[in-house]
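Encoded as structure tokens, the following chain is the form predicted on its own, with no partner shown.
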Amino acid sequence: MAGRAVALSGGAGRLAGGLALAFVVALCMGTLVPLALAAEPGRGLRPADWTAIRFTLMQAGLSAVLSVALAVPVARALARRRFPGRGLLVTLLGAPFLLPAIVAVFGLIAIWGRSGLASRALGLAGLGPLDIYGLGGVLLGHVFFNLPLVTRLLLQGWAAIPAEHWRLAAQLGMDRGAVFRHLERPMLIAVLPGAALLVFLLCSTSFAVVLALGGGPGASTVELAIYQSLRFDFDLGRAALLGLVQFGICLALAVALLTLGREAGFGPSLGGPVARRDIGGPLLRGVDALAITLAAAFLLLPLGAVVARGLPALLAGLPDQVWPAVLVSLSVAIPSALLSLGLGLALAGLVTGLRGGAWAEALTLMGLAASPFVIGTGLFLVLNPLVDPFALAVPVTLLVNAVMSLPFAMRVLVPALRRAQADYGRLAQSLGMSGFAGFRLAIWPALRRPAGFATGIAAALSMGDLGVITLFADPQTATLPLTMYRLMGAYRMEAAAGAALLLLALSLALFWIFDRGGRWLDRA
């Protein structure tokens, strides 16, 4: 049944896609207008601003280098070893992506902080405690999030090498060096630049990790400088100028990512078992086991610490401000995820239904270039003369979170829609089904599962977000991540531990409910 894709979206579908695209462009690009008007470029950047720019680029670059350098041996070990629990470990590598950043920070402090497990172990050896705050802490947090991401990207690269290539290498008697030169090195050259740029881009817009672990003016990023300008100095001109700087940095990185990011071109494969003769002897197996064990410990120990410290606090009872924050977070996360799904479906239909739809797909990825703080600052400047911006904290956070999760939703929905149109589009067209009827009867059944997965990702990301809400929240309105951060700032660490566990459980539960719902609809 597979063949050339036949789009079923009629005029209404293209109109919905056009409106969705206009909304995304207006939110991402339109907010640049008030930034440009308020930026006061003649005022110039202060020395502290240049320090923030240099630190942003430095920590993002180091985070990318460290994440990629550490992920290569871990991914290579996982690619050539089979052991009980390997599938579960690979699945857990996706957990940090859904993990709220502030929860991860709490877990890292529990392990690597001055009173953490690592410092206590050093104390037994007569050494002083670790200092997690500053550049070291920021790099630690970013590697924690991005090591699993790069590992999974590299695993996909290794899996893309056809089984026929491995069998041919075995028949030719290639040793490990020859296998690396002819099979693994071309894959790494294709995958690593895109992976490094993606990490660089994500780390340049990181906020929660730097806010919690930055440790002073010398370790401040552009996003943190925007936050301080708005919330502490109320210097709108400086915040606007920094917002333009941040947008320029992210736009350049996003263009480079779209230009350089590509897949390894090994061609199609008929599949079959992979025969590898480069798995080596006991020494190499020991090296691989060590790489996998250290990576698993690095990722799982902080999560274990969150559970171990949070469960007693959760059972003992949480502070009163936590439960209203839970309601605020749910009132943001669920509508935001549904809005992201609606926008994603409309835009995916536009991208797959138009000739040369790549330009439309590139525009939908502007969420990668416009950070939440850039959009939030622009909205703050627009709303401030008209209404109280702090009264709109929930709807503004909802809208921004929906657009921020859109690039991830598009990565799931566009390929699924193309497959559905290739499989069922021509049949539906021959039966006279087009427009909404064609979508509902022929396309939507094939999209239920990926739609549930994309909505789950958007809900989990929104639930754990600690970004634009910090610009708009007043003392009486806070999401659960912001409440947890305030508890940590007040040194109520046990209460923060309980809130962290609750936030982790709710984020994973939202993802599971939507993902499971999509699977259930797919089987119904």
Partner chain sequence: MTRLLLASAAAVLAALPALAQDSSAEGRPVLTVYTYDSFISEWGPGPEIEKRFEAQCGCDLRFVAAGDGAALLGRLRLEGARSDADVVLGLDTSLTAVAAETGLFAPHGLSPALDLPVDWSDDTFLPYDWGWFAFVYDRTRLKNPPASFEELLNAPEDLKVVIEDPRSSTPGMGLLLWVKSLYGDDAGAAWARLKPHVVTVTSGWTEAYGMFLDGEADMVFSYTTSPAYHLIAEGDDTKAAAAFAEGNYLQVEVAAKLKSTDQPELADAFLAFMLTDAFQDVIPTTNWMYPAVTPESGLPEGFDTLVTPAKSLLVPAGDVPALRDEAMAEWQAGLSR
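Residue numbers count along the first chain shown, from 1. Computed from a predicted structure; not experimentally measured.
Separately, the form predicted in complex with the partner chain exists; it is not shown, and the next lines address it.
Out of the listed residues 186, 193, 335, 73, 335 is the one that sits within 4.5 Å of the partner chain in the predicted complex by at least one heavy atom. Distance criterion of 4.5 Å from any heavy atom to the partner chain in the predicted complex singles out 115 from the list 115, 91, 293, 156.
Contact with the partner chain in the predicted complex, judged as any non-hydrogen atom within 4.5 angstroms, is confined among 157 to 165, 197 to 205, 410 to 418, 219 to 227 to 219 to 227. Annotated contacts: 319, 331 and 490 all touch the partner chain in the predicted complex [non-hydrogen atom within 4.5 angstroms]. Heavy atoms of residue 250 never reach within 4.5 Å of the partner chain in the predicted complex, leaving it off the interface. Residue contact with the partner chain in the predicted complex: residue 68 places no heavy atom within 4.5 Å of it.
The partner chain in the predicted complex is approached by residue 377, whose closest heavy atom lies within 4.5 angstroms of it.
The partner chain is not shown here, but in the predicted complex it comes within 4.5 Å of a heavy atom of residue 231.
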